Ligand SMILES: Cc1cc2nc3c(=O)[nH]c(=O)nc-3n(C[C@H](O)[C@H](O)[C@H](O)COP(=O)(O)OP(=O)(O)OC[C@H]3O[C@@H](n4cnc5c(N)ncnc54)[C@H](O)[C@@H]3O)c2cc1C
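A single chain comes next, written as structure tokens; it is the form predicted alone.
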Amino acid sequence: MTTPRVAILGGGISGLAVAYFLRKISKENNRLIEVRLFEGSPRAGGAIKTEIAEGFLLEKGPDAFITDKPWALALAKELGLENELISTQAVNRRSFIARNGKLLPVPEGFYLVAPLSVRAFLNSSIISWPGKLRMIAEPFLPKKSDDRDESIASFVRRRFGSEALERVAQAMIGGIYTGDPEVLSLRASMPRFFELEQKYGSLIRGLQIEVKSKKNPFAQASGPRYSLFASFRQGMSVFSDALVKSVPGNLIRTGFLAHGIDYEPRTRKWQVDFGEKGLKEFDAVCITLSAGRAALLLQKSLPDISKKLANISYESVATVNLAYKREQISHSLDGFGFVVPKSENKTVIACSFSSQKFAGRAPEGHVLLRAFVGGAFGRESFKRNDEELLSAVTSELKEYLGIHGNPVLTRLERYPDAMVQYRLGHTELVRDIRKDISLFPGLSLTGSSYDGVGIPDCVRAAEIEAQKIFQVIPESFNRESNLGMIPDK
């Protein structure tokens, strides 16, 4: 019997993690499996990109991961990176919301849209008094009578009122998904909100109960749970680089762009078309690319699955790193960043104070900021050329932060069609896709397009998929009639 061969398409965090876990499982079970990872671009690592320039540590993609979902943290430790891990700086763990050109602090104990500290919330100027009264009435409202999916916007209006959505929730959630809450699925995008209402009848009541029982480790920070975010001293690329190093170099092929996937009944192998680099055959293929790319790869061989994958949509986003001398900025920067509601009609949708958030991101006497552009409400902004985009971003940051002069360093990174949008019906759509894919042993999908956008979610899904691939490998030598369902070439 020949050694089974597995192809992993995509060298982002999901693909690298699948390769790592599949090799680990095969070693633990003393079974030889040839694992090859193919990445279309010149480098592996996907959206994780760290650059060190002139003493600044610039994150062009994700700058952290959350630790209350334990999978990324566990993998980092397994890779020997425990001493490289850092948490957010202990001071100024709060955020701001832009309103009428000013930055208003999010009150202490405020979790996305739920005010857990009534006193701090009532003293805040983010929401009007009628809006505040509507929000703190949330524990007294009846829970939804059915478990049908609804949009995030519908949930927030129903539980907290329209003002909470317009002034707070849209911007906070936009900072995570860069999406439109009117079309984002509550159950797929914010499952904890759905679960808390179902279990406790109230989001505020549920969060308060879990905080007291320590089931939900909230810090006293405002906005996101900043104490639960972790990164690495030398940036997030430390993580992806460690995964690359865990796989022998000859098993990772960069510059290999897949054009299509087909099944060859004669050899009972999956064929991947790499264009000029030819066809390669495998016993199993795991697609870790976006659902949109997966749809194109399967368009000819599995058109029904391809159509379903094409229904998963994306938004484009750009990150803009800007470095300044501290003396150029009049704002106290006593927080980790701010979000900008749609109603502000700005180019910037969020800005992170990178050097305030994590130590070692800027030289002494300097500040590093990271702005975000694009998303559902910034499509036209994303289309601007680099010069226009940088000009708009620097102008708006000057307004919000009282900046004078030009940045000493800038870096712009674009991610077209990179932010997946879990729209209404997403959970059911993914369930259908997985059911269809299960009919074809040796073919699998994983990545942020399906079950969670965060790095921990991707790591967990990758480990689950690696276990499935390992279990199905023996079947690759004795496949049944399901694979005959694939149309003849």
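Source: prediction; values computed, not measured. For every residue, the number given is its place in the sequence shown, counted from 1.
Note that the form predicted together with this ligand isn't included here; everything after this is about it.
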property	result
Partner-contacting position among Phe282, Phe338, Tyr324, Phe372 - heavy atom within 4.5 Å of this ligand in the predicted complex	Phe372
Thr88, Ser240, Ser354, Thr319 - the one with a heavy atom within 4.5 Å of this ligand in the predicted complex	Thr319
Contact flag, Phe38 vs this ligand in the predicted complex, heavy atom cut 4.5 Å	yes
Contact test in the predicted complex: Phe256 vs this ligand, heavy atoms, 4.5 Å	yes
Residue contact check: His426 to this ligand in the predicted complex, 4.5 Å heavy atom	no
Lys60, heavy atom within 4.5 angstroms of this ligand in the predicted complex	yes
This ligand in the predicted complex: contacting segment from 50-58, 22-30, 432-440, 418-426, heavy atom within 4.5 Å	418-426
Stretch 279-293: residues contacting this ligand in the predicted complex, 4.5 Å heavy atom cut-off	Thr288, Leu289, Arg293
